[in-house]
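Just the one chain here, laid out as structure tokens, in the form predicted alone.
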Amino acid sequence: MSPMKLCVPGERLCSTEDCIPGTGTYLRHGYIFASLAGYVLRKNEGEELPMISVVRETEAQLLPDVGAIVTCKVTSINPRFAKVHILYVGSTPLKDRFRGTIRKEDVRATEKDKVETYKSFRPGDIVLAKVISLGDVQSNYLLTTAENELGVVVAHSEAGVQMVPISWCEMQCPRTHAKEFRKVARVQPEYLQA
């Protein structure tokens, strides 16, 4: 199957002798033009000329929803919360950038008052989290890592090496053997991809 041709509004697609106009097109001076940006689609309907139309991308934009497991990257931390960019919902990458917040009290299920954000996350960490609320006016999603399966899945040490989890709250650099605190996720097999 050949890749579909992209077109822009006003682009001449073909002559009326070769095709009949369909949706997303218009006629002018014996030629068929695109009326919107999208993919050119030709359909043969029996004996007559093929119909040419322009269709937009049909995929609906996936949005993080309450209860969805999301993969995010930590952008900044402070004593009260960690700011993240949501990259995936489940295993589907997002086209647009969505921001999220993991509050201090949503980091783990027990001993919430003893949580220290900088001992749970660092900027650049990749985190599995669950959406708990659609957030506030600033369009931040509220996220939680208060389950064993949620938390940091990928972290890099100060030496720039990917760290290995050694407990639920620590990761270790394989090069320097330095240990750093993190809220480590116990990753389930369905989230592991080669």
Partner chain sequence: MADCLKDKVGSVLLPGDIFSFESKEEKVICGPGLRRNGDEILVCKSGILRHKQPNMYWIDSQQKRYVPAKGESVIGIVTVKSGDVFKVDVGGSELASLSYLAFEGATKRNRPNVQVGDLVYAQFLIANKDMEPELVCMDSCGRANGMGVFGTGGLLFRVSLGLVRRLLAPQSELVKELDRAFPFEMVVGLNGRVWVKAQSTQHMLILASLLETCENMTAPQRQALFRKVAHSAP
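Positions refer to the first chain, counted from 1. Here the structure is a predicted model, which means the values were calculated and not measured.
There is another form of this protein, the form predicted in complex with its partner chain, and it is not shown here; the text below is about that form.
Its partner chain is not drawn, but in the predicted bound form it has no heavy atom within 4.5 Å of S91. Looking at I77, you'd find a heavy atom of it within 4.5 angstroms of its partner chain in the predicted bound form. None of the heavy atoms of K179 is located within 4.5 Å of its partner chain in the predicted bound form. The closest non-hydrogen atom of E158 lies within 4.5 Å of its partner chain in the predicted bound form. Residues placing heavy atoms within 4.5 Å of its partner chain in the predicted bound form fall in a single listed stretch, namely 121-129, out of 121-129, 163-171, 66-74, 142-150.
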